[in-house]
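As structure tokens, one chain now follows by itself in the form predicted alone.
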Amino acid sequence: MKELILQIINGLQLGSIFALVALGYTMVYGIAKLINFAHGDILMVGAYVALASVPMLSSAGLPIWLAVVPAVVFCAVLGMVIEKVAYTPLRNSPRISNLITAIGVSLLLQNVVMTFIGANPQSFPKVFNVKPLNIFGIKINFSIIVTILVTGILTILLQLFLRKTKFGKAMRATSEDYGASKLVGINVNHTISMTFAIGSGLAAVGSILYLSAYPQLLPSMGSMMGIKAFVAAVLGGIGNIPGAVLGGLILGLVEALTKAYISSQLADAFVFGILIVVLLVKPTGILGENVKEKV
């Protein structure tokens, strides 16, 4: 029983990281109707920025987890630059053009990192120097608790931001009707840029949490993470923020339990099998709504 509870907790940790990345997918899709397949690579860039910040933090006597600050700032700016350079010129183009561009941006980021930093794996120092907590006889790493709490808090703050702030309401209005938002004076360009910045910042937070569990960096580390986060967004209902979190948690639990009780080699097969089942049974996802397009 303890083993099952521990695997569920591990699944919630992994699912929380999926959820943070899936939030970026779902926000960008909800507002710009774009599937940004480069989003997972922004997580990778955030991880390398965090690694570059470690010597400076160590020399100043600051904790390693503060590397999240430069990672968030860098990734937020990177997200806005990518949106301006790669996606804005294609805003009125067919969606296939945006999709191909997103894949191109993903490959570009990976190759830039491989060229200037190298393709070899690099290790990341321990993020939290705290002993595992003993809760009812189960030893739980501190990073697991932090990951789940941070994801929950950021999700709540994001919901409050969207519902209570002027800019959040502008984002919701843009997602509902792009043209009407422009007519009522909303600066749609700024709204979309800020959406990319927030989503990329969340991916940077996810990178630190990921490194706290898997302390190794690779230029390709964002690819599989990005695809799984996309599956999580589709599972929960892409464009729906609670759905992205729910999809991430379900996906994390499925992967952890599959690795523990069936086969670690079949974990990815189960994850992508879920995507196929969702697309066949409920293409709008668990919390997605059916929207009929008018001709």
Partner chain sequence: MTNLKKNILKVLSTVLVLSFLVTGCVGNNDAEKSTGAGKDGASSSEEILIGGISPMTGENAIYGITATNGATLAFKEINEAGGILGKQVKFEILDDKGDNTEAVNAFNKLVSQDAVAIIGAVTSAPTEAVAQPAVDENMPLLTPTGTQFGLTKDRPNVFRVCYTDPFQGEILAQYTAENLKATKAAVLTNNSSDYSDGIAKAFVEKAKELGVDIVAEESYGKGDTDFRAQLTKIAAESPEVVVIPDYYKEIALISQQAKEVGIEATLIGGDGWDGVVEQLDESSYADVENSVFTNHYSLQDESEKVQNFIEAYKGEFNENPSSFAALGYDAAYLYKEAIEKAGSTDKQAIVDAMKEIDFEGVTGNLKFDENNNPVKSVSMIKIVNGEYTLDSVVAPK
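As the structure is a prediction and not an experimental result, all values here were calculated from the model. Positions refer to the first chain, counted from 1.
Just so it is clear, the following notes concern the form predicted together with the partner chain, a form of the same protein that is not shown.
- Every residue in the set 7, 126 and 227 has a non-hydrogen atom no more than 4.5 Å from the partner chain in the predicted bound form.
- The chain is drawn here without the partner chain; in the predicted bound form, the stretch among 191-199, 75-83, 165-173, 208-216 whose residues come within 4.5 Å of it by any heavy atom is 208-216.
- Between the partner chain and the residues 122, 93, 187, 88, the one pair within 4.5 Å by heavy atoms in the predicted bound form involves 122.
- Among 138, 114, 149, 180, the residue placing a heavy atom within 4.5 Å of the partner chain in the predicted bound form is 114.
- Taking non-hydrogen atoms only, residue 13 approaches the partner chain to within 4.5 angstroms in the predicted bound form.
- By the criterion of a heavy atom within 4.5 Å, residue 275 is counted among the residues contacting the partner chain in the predicted bound form.
- The partner chain in the predicted bound form is not approached by residue 98, whose heavy atoms all lie more than 4.5 angstroms from it.
- When the partner chain is considered in the predicted bound form, residue 241 lies well away from it, no heavy atom lying within 4.5 Å.
- In the predicted bound form, 256, 259, 260, 264, 265, 275, 279, 280, 283, 284 are the residues of 247-285 with at least one heavy atom within 4.5 Å of the partner chain, listed from first to last.
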